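Presented as structure tokens, the chain that follows is alone, the form predicted alone.
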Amino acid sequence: MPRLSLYNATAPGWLKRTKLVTGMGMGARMALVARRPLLLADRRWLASKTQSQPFVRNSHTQTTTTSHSHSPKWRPASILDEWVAKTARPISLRQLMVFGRSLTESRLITSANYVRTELPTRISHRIRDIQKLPYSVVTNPHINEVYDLYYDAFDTFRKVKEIKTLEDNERLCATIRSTLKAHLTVIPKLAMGILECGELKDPADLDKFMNTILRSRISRRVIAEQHLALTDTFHAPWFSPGAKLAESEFIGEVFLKCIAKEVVERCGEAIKEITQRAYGPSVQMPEIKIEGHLDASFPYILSHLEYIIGELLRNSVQASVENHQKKKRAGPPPPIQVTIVESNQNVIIRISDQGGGIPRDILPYLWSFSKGPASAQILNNLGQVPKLAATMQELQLGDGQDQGGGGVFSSTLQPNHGNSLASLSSRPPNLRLGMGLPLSRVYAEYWAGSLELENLEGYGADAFLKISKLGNKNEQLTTRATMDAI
């Protein structure tokens, strides 16, 4: 093995800064730095120097080699450091609406440059968070694959030059679209990685990491999809630059008037259809009754709201049908009661069912991505997702009828950019992924809302979704790479 120079130009910063004796071998040099956690870039560099020699995990784990067959990439830490030092600039729904309401070429170019600088800033913080994970976790093949996707995206967007013309913007949009498509596998990969690493770290720490990563992922997709939608609007044949959009329309991805009752009705019909496909056309469905302030409306990103409502209704309908079949009662299951309450600042949606409640053994893991005793089955189900469809967003109902990116919950009122998780709820009810409620809470809290659940064991459950109706709350995200090393 070639001797390493003390000031090897390609060596990581930690090795340059370590005072080494010239005559020391590689093993002794590595021992000097073994007392501190290594960043992933450092580990990759060491892997490239030791070639086929395996790294050894802690005594309770197996000896592993690098998870990819290709040579590890050397990525200089200084470039990432420059971006990590920057702070993300949170936005609110109101800012998105005001900015896009009178769309001009100048505003579109301004939006492009915001996205051009904000995407690499936000993703650099999450790359640093991944680098802080313990070696036994970060070398998990699923998490390692997410790291590669993130770094490739960071490297791509940091090199984009200032957007000055519409042609420049078109090239940026093409890059955004290809990146969004490539990253549709991120959530199942993260979920599988967290489940496989459940015994290596405290589940609470892994949940903190997962929530930070997912919230940041939503934030990046929001600004990327918003810019794509604004670009599509600007080039639409019906659009006149500078003209104000009507109140009933979208401004980019933001729907100005989400009527809660209509969203519940649309999601409820879709969920009933999915459930009947799974249990058979003869199964009786519970009625979904809606009461309260039926005219309540608010600005929101429709795909986010449809995912949350769809997931909550799917849980209630499925529990009601299965509990009714278990008790072998005649007639339809008890109705699901949806109550909508509008106040000065919030809209609260309560979904109440009589599906028997949540079993006591599941309750401790309800909001966690680590599922305890059920981890093995959940991991197996997640492994089936790529076989059912190319991406989670394109999960079909089973007969190939939906090949689009939006699924049964995607509104035909707006263009689809493979947005987030709007169609994940369209999966068959028997494919339990253990992600519905935790992800729904991440979505709800992203725009300063909340999601809580009250369990009445043996009777049913009540879910409470609170939404800020004014659109003046900034997105809730970690603006810097401030996670403690876990």
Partner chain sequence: MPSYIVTLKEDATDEQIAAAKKQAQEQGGKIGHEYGIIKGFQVIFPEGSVHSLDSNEHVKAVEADGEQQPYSSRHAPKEPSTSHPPRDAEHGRRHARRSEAEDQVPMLAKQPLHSLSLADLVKHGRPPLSAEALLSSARFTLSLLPIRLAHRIQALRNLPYIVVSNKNISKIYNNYQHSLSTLLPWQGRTISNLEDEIRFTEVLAELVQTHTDTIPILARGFLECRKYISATEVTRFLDEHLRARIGTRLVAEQHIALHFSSQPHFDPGASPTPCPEHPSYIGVIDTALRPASVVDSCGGFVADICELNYGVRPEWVIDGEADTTFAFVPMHLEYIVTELLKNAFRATVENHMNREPIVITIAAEPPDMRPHASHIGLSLPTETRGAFGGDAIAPLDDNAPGVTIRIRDRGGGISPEVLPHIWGYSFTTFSEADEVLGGDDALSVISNASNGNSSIAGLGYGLPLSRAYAEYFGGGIGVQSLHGWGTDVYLKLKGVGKIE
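Residue numbers count along the first chain shown, from 1. Treat the numbers as computed from the prediction; the structure is a model and nothing was measured.
The discussion below concerns the form predicted in complex with its partner chain, not included here.
Q: Would His293 count as a contact of its partner chain in the predicted bound form, using a 4.5 angstroms cut-off between non-hydrogen atoms?
A: Judged by the heavy-atom cut-off of 4.5 Å, His293 is in contact with its partner chain in the predicted bound form.
Q: Spell out, yes or no, whether the shortest heavy atom distance between Arg350 and its partner chain in the predicted bound form is within 4.5 Å.
A: Answer yes; at least one heavy atom of Arg350 falls within 4.5 Å of its partner chain in the predicted bound form.
Q: Please check if Gln276 has a heavy atom lying within 4.5 Å of any heavy atom of its partner chain in the predicted bound form.
A: Heavy-atom contact with its partner chain at 4.5 Å: absent for Gln276.
Q: Given that the partner is absent here, does Asp155 sit within 4.5 Å of its partner chain in the predicted bound form, heavy atoms only?
A: Flag for Asp155 set to no.
Q: Looking at 342-350, 111-119, 312-320, 187-195, which lies within 4.5 angstroms of its partner chain in the predicted bound form, counting heavy atoms?
A: Result for this chain: 342-350.
Q: Quick one: from Lys289, Lys164, Arg360, Lys257, grab the residue that has a heavy atom within 4.5 Å of its partner chain in the predicted bound form.
A: Of the candidates Lys289, Lys164, Arg360, Lys257, Arg360 is the one lying within 4.5 Å of its partner chain in the predicted bound form.
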